[in-house]
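There is one chain below, alone, in structure tokens, taken in the form predicted alone.
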Amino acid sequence: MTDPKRLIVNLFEMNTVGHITHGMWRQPGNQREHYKDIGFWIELAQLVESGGFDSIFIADVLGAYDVYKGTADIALREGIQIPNNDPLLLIPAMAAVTKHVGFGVTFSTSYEPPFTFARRMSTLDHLTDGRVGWNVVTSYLPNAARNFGLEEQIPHDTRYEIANEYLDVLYKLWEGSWDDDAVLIDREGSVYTDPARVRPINHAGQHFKVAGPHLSEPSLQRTPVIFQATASPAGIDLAGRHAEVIFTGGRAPGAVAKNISAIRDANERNGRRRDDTKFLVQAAVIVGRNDAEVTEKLDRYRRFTSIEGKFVHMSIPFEPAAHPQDISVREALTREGKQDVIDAGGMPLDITVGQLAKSVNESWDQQFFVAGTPTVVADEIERWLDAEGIDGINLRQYHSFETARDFVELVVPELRKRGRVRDAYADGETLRERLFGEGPRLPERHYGARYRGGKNLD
């Protein structure tokens, strides 16, 4: 008899007042305005580690949401991912008060050079004893492009071409620049590092030119665990070469299974195993000790949610409330003179404005949503694992710290009874070892391993 599939559990976070559950910061007792206080993050890290979470997954954006109504005013007024602070700086504080929980942090390949980022991640891997992962993004907000001196966004597929080369540079630095035995710490001989075992990378590509050597000595993982969120063809190609953990989703029936299959196919094209990638979904879990508690929380969360905040977050390029709900999205865009949006594609043009508004407000009945007592919740999570084929969840939060505490106190014990969450952490394991049960470093079949020992640098 095989053991049941273990659930990977990440807490979905962002260094901001309002992440993805818009309007919820207004709830009584919610601590989101303390996101800028180190004590907030210390308490959160200790709470999730007490529940055996695998990691805290930290999102990020480099611009303001200003597509809806052509202004960032609503995002500012409602605290929609602005103000927000640097996610990387949270990790040392949380790592200092924990021993096991990992940290997945978001960083964009589009606007900052790879050389300095390589050192930051190596530093974090050292400071966390190998508990860090990197969520690779290419940045999608028009305001982000303008913040870095561009008139408009880099085209989608070009961003992914840049990301591919960016990762190539990083692997050369992380995997190829230093040998494992380069650091001698020879006090008598007065040699800390053997220069013969450290090399420049001399990368000269289409987008980057980096001499090296890497400034950091090898960390436990060398390369952090590679996370990625994707569903586009260009993103799937990138994931097949690089990603170890995929954050996926989709509203249409079968969309998640289709994405999983496509990425597994991409793995094989890149000489990897189909199961070399773990798949996570954003999950909404509302749990109470009894049905009355569940109803109270569900009603409260619905009462505080901001529908317009969701329009802002999704960068809806017109104002749904200003149009008859029975006309098509195409007609609404035409009335607002948004022919460029129609021509660009990407919007569901033939549904009605009312249908679009309803689909945006779908968080209460999405595919990976459950509200109930611990037994009901655990039953549904098991179904996700076994029937939907996912490996884990990024737990979306409605209230800090109510959502995380509820999951720790009510759901984790029930999942542990069923063998879905481990009873305890293994001492000294890296994040990669925890997720995959192999060694702390990239497997030899991964693209990044090709640079080990200085190979293939030319």
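From 1 onward, residues are counted along the sequence shown. Note that the structure is a prediction, hence the values are computed from the model and not measured.
Same protein, other form: the form predicted in complex with another copy of the chain, not shown, and the subject of what follows.
Relative to another copy of the chain in the model of the complex, residues I246, V329 and G419 are all farther than 4.5 Å at every heavy atom.
Though another copy of the chain is absent from this view, in the model of the complex it lies within 4.5 Å of a heavy atom of just one residue from A262, L215, L349, A357, which is L215.
Out of the listed residues E112, D179, E336, D379, E112 is the one that sits within 4.5 Å of another copy of the chain in the model of the complex by at least one heavy atom.
In plain terms, the part of the chain that comes close to another copy of the chain in the model of the complex, with a heavy atom within 4.5 Å, is 26-34 out of 26-34, 410-418, 388-396, 48-56. Of the heavy atoms in A234, none are within 4.5 Å of another copy of the chain in the model of the complex. Proximity of T21 to another copy of the chain in the model of the complex falls outside the 4.5 Å heavy atom cutoff. For L89, a non-hydrogen atom is located within 4.5 Å of another copy of the chain in the model of the complex, even though that partner is not displayed. Contact between G345 and another copy of the chain in the model of the complex is not found at the 4.5 Å heavy atom cutoff. In the model of the complex, F107, Y111, E112, P113, F115, T116, R119, R120, T123, L124, H126, L127 are the residues of 105-140 with at least one heavy atom within 4.5 Å of another copy of the chain, listed from first to last.
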